[in-house]
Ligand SMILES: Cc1cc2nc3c(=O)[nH]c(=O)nc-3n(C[C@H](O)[C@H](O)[C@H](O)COP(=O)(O)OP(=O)(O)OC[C@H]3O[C@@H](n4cnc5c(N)ncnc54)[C@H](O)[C@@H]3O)c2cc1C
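Read the single chain below, which is given as structure tokens and is the form predicted alone.
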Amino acid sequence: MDALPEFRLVRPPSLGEVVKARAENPAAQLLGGGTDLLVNIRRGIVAPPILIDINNVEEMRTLKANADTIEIGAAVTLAELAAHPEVAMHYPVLAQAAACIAGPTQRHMGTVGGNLALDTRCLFYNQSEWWRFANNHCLKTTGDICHVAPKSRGICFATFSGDLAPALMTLGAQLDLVGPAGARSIALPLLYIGYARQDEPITQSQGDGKHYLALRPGELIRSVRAKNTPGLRSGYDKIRIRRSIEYPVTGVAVALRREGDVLAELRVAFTGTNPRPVLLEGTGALCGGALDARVFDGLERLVRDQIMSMKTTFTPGHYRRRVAGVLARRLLMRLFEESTPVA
């Protein structure tokens, strides 16, 4: 890694001052734990002239959880989230996802907001400046080609790898945003617009691996909220080549509700496979009966249709999609078996 370029650090004391600082400095970037941003700066991928430190903004440090609701500020650290007893008790999928991100040092620094807005990446974009220069730059930096899919007609296929987003999606989370135009709340899936479809133009609601967030100019994540669903059993699992230092080959969050021997409700979400976290569509059709071959075959079809075949540094593309389906099936079986049947 190269030395950090010069930048100015500002520490606004309140949320209002953060919004003002961003509006006055459009090229500035927010600094939480810096576990992703500072690495990208050292690699020469980005060079923001100003960093806005949000760690001491009280309005973004909320962490409240009980049997009914959960609210998490964007500046809460991953370690705080993973260790919170009420989160582990009532929202285990979220505690498990936070606990398996990177290593202990990164979890004590990294923040919830940073993980939700994590930069997309691929096996080319991840490399150092000198490596990328020697092999030609890509669409996400200063180049004009996607090295993952060279025939993509100007579409970037970098993947989203944040672990918290799929976990929160299975909880039906809402995102609280704030910016120069005021505050608004949206369903979490609406934040992510990275579809990377070659036959459709990039718009404000459908982007690619480079244009992957629906944040408006100067807008930032303040907090994320969710309501608990009685009887819902949830969990998170992922696979990576090297623990603690690798982004997931794929991560899967599953939440289900069992009534007797019937699968009454099923939610499945993935990360590390597409330019956005994917909340699997069509799982409702798999419910209403026993957990049998019909459910597993249907789940495999949904994964095959909605999860992209993306290669990594160590694995071919088809491996990533196949392991996504295997992880989802294993987690579904485990959670169903652990659920107490409700008559």
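Note that this is a predicted model, so its numbers are computed, not measured. Note that residue numbering begins at 1 and tracks the sequence as displayed.
There is another form of the same protein, the form predicted together with the ligand; it is not shown, and what comes next is about it.
The three marked residues, Leu78, Cys100 and Asn115, each reach the ligand in the predicted bound form, with a heavy atom inside 4.5 Å.
Checked against the ligand in the predicted bound form, the candidates Lys238, His84, Arg258, Arg267 yield a single residue with a heavy atom inside 4.5 Å, and that residue is Lys238. With the partner omitted here, the residue from Met169, Ala95, Ile221, Ala226 that has a non-hydrogen atom within 4.5 angstroms of the ligand in the predicted bound form is Ile221. From the list 226-234, 103-111, 180-188, 87-95, the contact stretch for the ligand in the predicted bound form under a 4.5 Å heavy atom rule is 103-111. In the predicted bound form, no heavy atom of Gly298 sits within 4.5 Å of the ligand. Proximity of Pro248 to the ligand in the predicted bound form falls within the 4.5 Å heavy atom cutoff.
When contacts are judged by a 4.5 Å heavy atom cut-off, Gly34 counts as touching the ligand in the predicted bound form.
Using a 4.5 Å cutoff between non-hydrogen atoms, Ile72 does not count as a contact of the ligand in the predicted bound form. Scanning 147-183 for heavy atoms within 4.5 Å of the ligand in the predicted bound form gives Ser161, Gly162, Asp163 in sequence order.
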